[in-house]
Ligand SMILES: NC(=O)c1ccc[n+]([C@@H]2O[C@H](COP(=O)([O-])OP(=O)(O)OC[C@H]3O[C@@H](n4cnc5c(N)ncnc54)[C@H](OP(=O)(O)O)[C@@H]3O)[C@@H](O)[C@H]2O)c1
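This document opens with one chain alone, in structure tokens, the form predicted on its own.
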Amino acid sequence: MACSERRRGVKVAVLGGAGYVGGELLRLVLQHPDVREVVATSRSQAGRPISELHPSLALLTEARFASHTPAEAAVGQDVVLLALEHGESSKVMGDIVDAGPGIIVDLAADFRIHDGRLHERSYGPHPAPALVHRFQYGLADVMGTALHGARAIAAPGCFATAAQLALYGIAELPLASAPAIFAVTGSSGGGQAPKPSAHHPARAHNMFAYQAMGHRHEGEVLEQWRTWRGDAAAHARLITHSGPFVRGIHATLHAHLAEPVADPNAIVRARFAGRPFVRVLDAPPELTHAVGSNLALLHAVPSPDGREVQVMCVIDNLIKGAGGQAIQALNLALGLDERTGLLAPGPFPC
């Protein structure tokens, strides 16, 4: 059953629409002016009203989750958006490709990394290696119009997005050592399924590290960082933590420089010139200023001698780090203004 029908625009299928990321995708596509029809599927919630899982969408749709297989949902669609758990996309992607949709955007990690060794280090052997090189990496605020005409896009991970935006800002600076990025995420990053680390009594008033010395998003970060640096051995370290809030990621990069830099913030601002969803501020950003929006807020500061730099980046993990970035990349692929459907501000205070 279609969630909405309009006179113009594209037809979209959202696979795995019952989770937090699926809910963000549905919220965005149901309000997108160039989308005319939306269908949402869920294996576990088929037949239930979408608004039972995502109450705020009651204003946008009365439709129910469909029980279509991924291939059935993909037939005749202009766009297929996958919000499945990691590893599930690989199992069904061949059938989706054969169904012939116009554009595929996968929000799982399955097709983000082209280097087989990096993928195996983070996730183990790839179950569908022949399909990997169909996908373009969809870091929209860096790729920009290079995504125009893309037929298959792998949307970046949430930690990876924050880390890479900070890294991209300093990618041309002379470095004395590998940068390190310390990042903290909210509990929604763990998904909708209950788990001990997301249980409120365990999460509130608490903070803890996880996946130490090898978070799985580090592989995709390294692949892009090595491309930007032109160095196949370039390294960076992602240090991840869970924080006592629901939405958002706060990341702080630290790097030692081979030569002093007086104003790294001006360099970062120039790197993102013309990018509509990146704001380089004159002071450190606050998480609540980005939550609920597709914005990424950055600020860079040098040490007194100019030989060290810190870059702070804050994003909403479910929007800029997932659904919003996927729609931004889709807009670029379709040749639309990348801001289309993404200009709603987040609530403040939140």
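The structure presented is a predicted model; accordingly, all values stated were derived computationally and were not measured. The first residue of the shown sequence is 1; numbering continues from there.
Unshown form predicted in complex with this ligand; subsequent notes refer to it.
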{"property": "Contact segment among 264-272, 204-212, 164-172, 102-110, judged by heavy atoms lying within 4.5 Å of this ligand in the predicted complex", "result": "102-110"}
{"property": "Residue among Cys158, Ala255, Ala236, Leu139 with a heavy atom within 4.5 Å of this ligand in the predicted complex", "result": "Cys158"}
{"property": "Residue among Gln224, Ser188, Gln77, Thr240 with a heavy atom within 4.5 Å of this ligand in the predicted complex", "result": "Ser188"}
{"property": "Contact label in the predicted complex: Leu60 to this ligand, heavy atom within 4.5 Å", "result": "no"}
{"property": "Residue contact check: Gly341 to this ligand in the predicted complex, 4.5 Å heavy atom", "result": "no"}
{"property": "Non-hydrogen atom contact Leu53 with this ligand in the predicted complex at 4.5 angstroms", "result": "yes"}
{"property": "This ligand contact at Val280 in the predicted complex, heavy atom, 4.5 Å", "result": "no"}
{"property": "Those residues of 235-265 which, in the predicted complex, come within 4.5 Å of this ligand by heavy atom", "result": "none"}
